[in-house]
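For reference, the chain that follows is the form predicted alone, supplied as structure tokens.
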Amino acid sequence: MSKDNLLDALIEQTKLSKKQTDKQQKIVETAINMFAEKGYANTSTSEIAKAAGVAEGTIFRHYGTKDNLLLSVILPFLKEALPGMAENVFKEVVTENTLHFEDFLKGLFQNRIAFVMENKEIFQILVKELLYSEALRLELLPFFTEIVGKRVANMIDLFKERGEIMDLPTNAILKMVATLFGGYLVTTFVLTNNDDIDVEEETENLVRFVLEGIKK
């Protein structure tokens, strides 16, 4: 798996965690390893229970559902790892070749599309939970805004100062770009569940739409 695969990172994280009972630790480690090996959708709670040496009812008692089992690991991981992940992404995207806002958007969009494709099942679960859980939205969205949104806003300010972007409020530009790109990711990888795409072509179309709209 690639360096951007979240399940690989989760496996390493669960080995270091001391916040759960030995039984919970075994369940989580077994589940994440099986998700990585077989895929989330192809792994049942009964298989996890058997491999972990516990009753399936034990998993239901601690976590309720397979989604909740995965979320119980993902959410703490994201809160701990997101600042470092964001730093690495922007180091990859913002280089000496990032001369214009178009370059920044292309790098960011292409990077994140590839990342979501690599972690599609986790992305689908997070989107579903965010749609139905106000508590989760209140917990995660401000966190993402603080860690990721501020970095993008700084880039918008930079290119506004260079005269490449119209003089709209930075937050308004950020909201429109995030809405377009977030909507694209959800539509492509959740609603239509389509990953048979050309990342470079999709990126080019998105950037053209942001910069030029659809007016002929």
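Please read all numbers here as calculations on a predicted model, not as lab measurements. Basically, rigid core = biggest C-alpha set you can superpose within 1.5 Å across the two forms. Numbering starts at 1 and runs along the sequence shown.
Below, we turn to the form predicted together with another copy of the chain, even though it does not appear here.
Proximity of 45, 52 and 81 to another copy of the chain in the model of the complex is absent: no residue of the three has a non-hydrogen atom within 4.5 angstroms. Proximity of residue 202 to another copy of the chain in the model of the complex: non-hydrogen atoms within 4.5 Å are present.
At the 4.5 Å threshold, heavy atoms of residue 158 stay clear of another copy of the chain in the model of the complex, well away from it.
Under a 4.5 angstroms non-hydrogen atom cutoff, another copy of the chain in the model of the complex has residue 131 among its neighbouring residues. Within 4.5 Å of some heavy atom of another copy of the chain in the model of the complex lies at least one heavy atom of residue 168. Residues 38, 39, 40, 41, 42 are the members of 36-54 with a non-hydrogen atom no more than 4.5 angstroms from another copy of the chain in the model of the complex.
In this overlay on the rigid core, residue 126 has a C-alpha that sits less than 2 Å away from its partner position between this form and the one not shown.
When the rigid core is held fixed, the Cα atom of residue 188 travels less than 2 angstroms between this form and the one not shown. The Cα shift for residue 74 between this form and the one not shown, taken after rigid core superposition, is 2 angstroms or larger.
In the model of the complex, the CA atoms of residue 40 and residue 126 sit closer together than in the displayed form, by at least 3 angstroms. Compared with the form shown here, the Cα atoms of residue 114 and residue 66 move at least 3 Å farther apart in the model of the complex.
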